[in-house]
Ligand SMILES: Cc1cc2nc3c(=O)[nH]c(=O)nc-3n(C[C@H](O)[C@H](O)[C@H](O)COP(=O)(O)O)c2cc1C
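Heads up, the chain below is alone and in the form predicted alone; it's given as structure tokens.
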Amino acid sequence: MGLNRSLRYHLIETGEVLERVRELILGVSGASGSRLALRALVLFTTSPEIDVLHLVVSRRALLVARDETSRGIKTAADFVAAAGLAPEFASRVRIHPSEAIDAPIASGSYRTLGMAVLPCSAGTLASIANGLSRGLLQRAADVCLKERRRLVLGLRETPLSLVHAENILRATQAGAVVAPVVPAFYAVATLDEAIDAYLLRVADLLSVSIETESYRWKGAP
């Protein structure tokens, strides 16, 4: 991911060396797709390019996770535990309450690689597209847009209404990448494979390497 122009020119003129940022934000909204977010936790925390994964889980996301994965998920910490991370990788996760608008990631001066919202509900898309920072998840996304950092929204909605389409347009014009959760039918045979193939594409959009490379299209035999 390239540096913004003013910072790049500053580094050239001063000869300063900027240490590579190794922190990423993962937002989990209240759309269906808890398994997608749990798998993202595993793949992002085990990436050799990420030291810290900032996690924001909305209250509605916890409700969905209880229905889709485990009835024991009541907090964001429970959500992380459900991912089954090894201790050395679980230690890379920094949990931020969804109401904590004073968290570091709420400020543009705190540098990160960017942010992925997985899954992204239509309501979260609408908030981000229209600059409505109703909580930390939306605020962190807004920060990524204003600082020209990569923001990937894994939209979980179909069919799309005109309102959805217009919000996709707004978000895209603002600098986000709207990446609907669509399976790569040509490369997968199971739901788990479809999730990994999708997350590989998300990681590419964030310029991050993850440990699942077997789903890349290599051309017809």
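Everything numeric in this text was worked out from a predicted model, so none of it was measured. All residue numbers are counted from 1 along the displayed sequence.
Although not depicted, the form predicted in complex with the ligand is the subject of the following passage.
The partner is not drawn, yet in the model of the complex one stretch among 23-31, 184-192, 40-48, 169-177 has residues with heavy atoms inside 4.5 Å of the ligand: 23-31. Each of 58, 61 and 156 is positioned with at least one heavy atom within 4.5 Å of the ligand in the model of the complex. Among 129, 122, 136, 93, the residue placing a heavy atom within 4.5 Å of the ligand in the model of the complex is 122.
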